[in-house]
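Okay, here we've got a single chain as structure tokens, the form predicted on its own, with questions on binding and movement later.
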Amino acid sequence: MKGGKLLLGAAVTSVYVFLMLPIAIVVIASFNSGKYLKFPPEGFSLRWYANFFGSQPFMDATLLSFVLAVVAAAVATVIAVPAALYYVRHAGRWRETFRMLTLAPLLLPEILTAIALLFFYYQIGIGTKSALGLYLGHVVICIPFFFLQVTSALYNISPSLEEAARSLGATSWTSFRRVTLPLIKPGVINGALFAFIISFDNVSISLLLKGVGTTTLPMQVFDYLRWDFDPTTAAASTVSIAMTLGAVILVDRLVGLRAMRY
């Protein structure tokens, strides 16, 4: 039994090392004092962070990615929460059809979804002239992940709690606001985090739907690497990791990560 636990612990540790090692290498490489992106670094320096924060294209791309992720998460919340509530509580015999339609963006590779959206935009006259298409594309890919998180939370709530609120005279809206929403809050928070991270790190949708003269941070990193191979891109990636980690820490400070366990 003890040997089995040691073997399981070694396997879990190996998985975590495999997942975290690339992140650690990128972070360490961002402090390289040499002129080229390499590992192990030649020395310690913050020059590439100064280069990143002093670059207007990188700053514009970072701001766009952040705003895009926040908007995508907010809009996905407005759409996915009612959709999940309808699916779990009211869909009836159409529930599986409704579920498949909601999760449809997961059935295709993102690049094909982006191509389909691009054709649709040109058909209705949007094209890539405005940022609206980019925002809508990010919302489309975020909704399925948000929907799955909220439906999981709803399945762990007994409908009798809502029925009890109704029997005490609460309206549908009051029952949702005072009973259902507080109970599914972990799923909503988890879904918002998923949506933010997926949008912030997305490449495929942004590649085809971004307007002329605008680019997100992942695309800016990709374009930069085509012409320069210095550690500025590692610094940009480290900042991206820090922003994502900051979002998780913010949620932990506001509601506590323990509240997100089902």
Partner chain sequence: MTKLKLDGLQKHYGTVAAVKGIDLDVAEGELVSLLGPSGCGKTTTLRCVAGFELPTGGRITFDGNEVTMLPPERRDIGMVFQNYALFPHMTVRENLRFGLEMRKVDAASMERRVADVLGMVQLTSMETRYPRQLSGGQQQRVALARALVIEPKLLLLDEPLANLDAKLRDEMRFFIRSLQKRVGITTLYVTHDQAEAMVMSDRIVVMFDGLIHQVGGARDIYDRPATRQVASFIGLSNFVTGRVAGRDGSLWRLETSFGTISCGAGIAPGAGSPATAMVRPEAIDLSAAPVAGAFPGRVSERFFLGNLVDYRITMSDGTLLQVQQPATAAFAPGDEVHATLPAERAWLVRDDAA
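Numbering follows the first chain given and starts at 1. Predicted, not measured: the structure shown is a model, and the values here were computed from it.
Unshown form predicted in complex with the partner chain; subsequent notes refer to it.
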> Is the partner chain in the predicted complex near all of K185, N190 and L193, within 4.5 Å of a heavy atom of each?
Replying inline: no
> Hey, in the predicted complex, is R89 touching the partner chain, heavy atoms inside 4.5 Å?
Replying inline: no
> So in the predicted complex, does any heavy atom of G169 sit within 4.5 Å of the partner chain?
Replying inline: yes
> Closest heavy atom of A164 to the partner chain in the predicted complex, within 4.5 Å or not?
Replying inline: yes
> V139: heavy atom within 4.5 Å of the partner chain in the predicted complex?
Replying inline: no
> Which of A114, L148, L154, V179 has a heavy atom within 4.5 Å of the partner chain in the predicted complex?
Replying inline: V179
